[in-house]
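Just the one chain here, laid out as structure tokens, in the form predicted alone.
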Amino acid sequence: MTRRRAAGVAILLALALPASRAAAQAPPGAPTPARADTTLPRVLVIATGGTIAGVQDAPGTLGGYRAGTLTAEQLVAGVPELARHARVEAEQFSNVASTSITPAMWVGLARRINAVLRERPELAGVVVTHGTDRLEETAFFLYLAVRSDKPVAVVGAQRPATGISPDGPMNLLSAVRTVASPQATGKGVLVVMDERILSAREVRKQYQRVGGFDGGEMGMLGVVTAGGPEFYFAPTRRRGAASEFDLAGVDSLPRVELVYSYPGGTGPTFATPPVGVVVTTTGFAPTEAAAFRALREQGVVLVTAFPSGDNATGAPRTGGGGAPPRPDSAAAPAAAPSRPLAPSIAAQHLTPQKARILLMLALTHTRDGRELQRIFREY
């Protein structure tokens, strides 16, 4: 075994070492670890995988890694400082790269969180560890589907656990401290990264370096300091206990596709039409407008959303706010359809990815255009 690989094995063994065994191997005269403070809040960490649980074949380098390798217990054991702030429990939901997370897994995760918060009133809150590639989507789904005002924080890392200067341990500590704080109650699902507290409704992944996420002009709620979490703002859109999305009778989510409008585009075609389509656009050519009208004639619900943009604030390229354009405004006069057109809805400030998630949940309730637009105004 090479020296580098041996070092990696040693790191993993240290992470996996049970506390009792570690105590037994302590040198003579070493202080006995303190018992858990039973007055501290209780927090459940639910692990789904991702870079925060990633391990390299060559630890301590800038090389590649395997996401979703360490277990929930190993993640918690790797941050002893957690015990100063909460009584932390660990639970494994999945252990995959976040690109493997599916809508069915969103439903299962939300159901598990709802159940544990309902059945265990002693829990202060829940932390979900997650890969960053799909973190904002999972966080927003939980924002809509977790029907509790107890805090839930989603957290990840941009560097693997065995990398140089990993950010996962500090992010996990900040997330646990946040959900353990009474100040976090009622704020909706949060994303805690780089000692910043962001609303899951607004959070967006902006770049691959440490930090990685931004809340735009509306989404940063507070920070985690040496003294603990400090909140300065709170979201006003519906969330948590006020959410109308009950997953008790939902086994799967309706199929909703996400497409782009672009210069020269002719609009999408599907062998089997989905239930809904979200189109990212700043305006439609007549050929695109006709294609989307044809989809609506087939009963496909349409949502228009602005591009999410690349600027520093994460605001839509058109400036943020307002209603995205509708394809009807660009379409040539058409004959009356043989049946009523399916609704066309404006996503308003939501990014296209999040508009798709909200439409998937909304379509489990209704296909009425007025009701769907109400849902997009309120969430």
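In this text, all values refer to a predicted model and were calculated from it rather than measured experimentally. All residue numbers refer to positions in the sequence shown, first residue = 1.
Beyond the structure shown, there is the form predicted in complex with ligand DAS, which is absent from this document and is the topic of what follows.
Looking at ligand DAS in the predicted bound form, residues Tyr65, Ala97 and Thr132 each place a heavy atom within 4.5 Å of it. Interface residue among Val154, Ala157, Ala86, Ile113 relative to ligand DAS in the predicted bound form, by the heavy atom within 4.5 Å criterion: Ala157. Heavy atoms within 4.5 Å of ligand DAS in the predicted bound form map, among the stretches 132 to 140, 113 to 121, 72 to 80, 259 to 267, onto 132 to 140 alone. Under a 4.5 angstroms non-hydrogen atom cutoff, ligand DAS in the predicted bound form lacks Thr351 among its neighbouring residues. Contacts of stretch 37 to 63 with ligand DAS in the predicted bound form, defined by any heavy atom lying within 4.5 Å, are made by Gly50, Thr51, listed in sequence order.
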